[in-house]
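For reference, the chain that follows is the form predicted on its own, supplied as structure tokens.
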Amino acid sequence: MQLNLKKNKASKQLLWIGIVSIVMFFGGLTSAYIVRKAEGGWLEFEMPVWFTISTVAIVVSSALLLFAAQNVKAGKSGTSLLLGTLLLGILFSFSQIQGWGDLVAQGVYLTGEGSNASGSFIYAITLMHLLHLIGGLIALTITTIKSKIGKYTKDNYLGIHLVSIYWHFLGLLWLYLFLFFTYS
């Protein structure tokens, strides 16, 4: 029992260290965005509706994951809710890619002729978020499989707890980025 408590504490601490690192990374990117925008020559464009769809998908996925964790803590299965979270995470990813397609249709490019720093920042920041989200999708997949084979109980649900913390963090990070891009 003592070994399990130490493992739980160490796992959570490592996760929080990672989250703080990610916050610093995106803080740096959004700060650079603000500084570069102040220099002028900034292309204004409409945010793709697909980014709004992404926002809805990640908020709903977080709610499903919250219910999944509550179910497991109550001794019930959380597998179907974990699967729903995973599917909404995939929808989020698909929506991001579609959003990039909409940006291209508006003449907003990552690099090359006709590109502008504003578009490059949008692509780079959303891509970095998506890469972090893919890590979350991998963790969700593993957690869902473990839930399906009965690895989690009301006394042992560390995997669901850790993936929940990370996934909720990614959701909050996306909300921040979405609002930042929409209103800055």
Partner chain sequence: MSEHHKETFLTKYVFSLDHKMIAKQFLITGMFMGVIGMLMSILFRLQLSNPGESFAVLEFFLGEKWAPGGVLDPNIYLALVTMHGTILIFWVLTAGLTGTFANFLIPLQIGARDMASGFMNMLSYWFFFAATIVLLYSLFVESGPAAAGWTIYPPLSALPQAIPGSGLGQDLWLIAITLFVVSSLLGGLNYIVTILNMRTKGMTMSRLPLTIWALLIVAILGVLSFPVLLSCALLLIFDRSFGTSFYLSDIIINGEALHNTGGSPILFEHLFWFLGHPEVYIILLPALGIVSEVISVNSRKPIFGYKAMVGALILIAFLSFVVWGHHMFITGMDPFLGSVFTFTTLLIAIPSAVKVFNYLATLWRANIRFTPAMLFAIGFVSTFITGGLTGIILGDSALDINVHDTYFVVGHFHIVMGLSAIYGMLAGVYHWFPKMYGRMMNKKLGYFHFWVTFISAYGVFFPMHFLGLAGLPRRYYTNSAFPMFDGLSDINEVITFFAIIGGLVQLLFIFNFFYSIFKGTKATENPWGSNTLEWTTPVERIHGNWPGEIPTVERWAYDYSKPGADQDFVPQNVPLKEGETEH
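Residue numbers count along the first chain shown, from 1. Predicted, not measured: the structure shown is a model, and the values here were computed from it.
Although it is not shown, the form predicted together with its partner chain is what the next lines describe.
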Picking from Ala32, Ile53, Leu66, Leu43, the single residue whose non-hydrogen atoms come within 4.5 angstroms of its partner chain in the predicted bound form is Ala32
Per contact check vs its partner chain in the predicted bound form (non-hydrogen atom within 4.5 angstroms), the hit among 56 to 64, 141 to 149, 127 to 135, 155 to 163 is 127 to 135
Whether Leu110 contacts its partner chain in the predicted bound form should be assessed with a 4.5 Å heavy atom distance threshold; does it? yes
Wondering, does Met47 line up within 4.5 Å of its partner chain in the predicted bound form on heavy atoms? no
Non-hydrogen atoms within 4.5 angstroms of its partner chain in the predicted bound form: do Ile17, Met24 and Ser120 all have one? yes
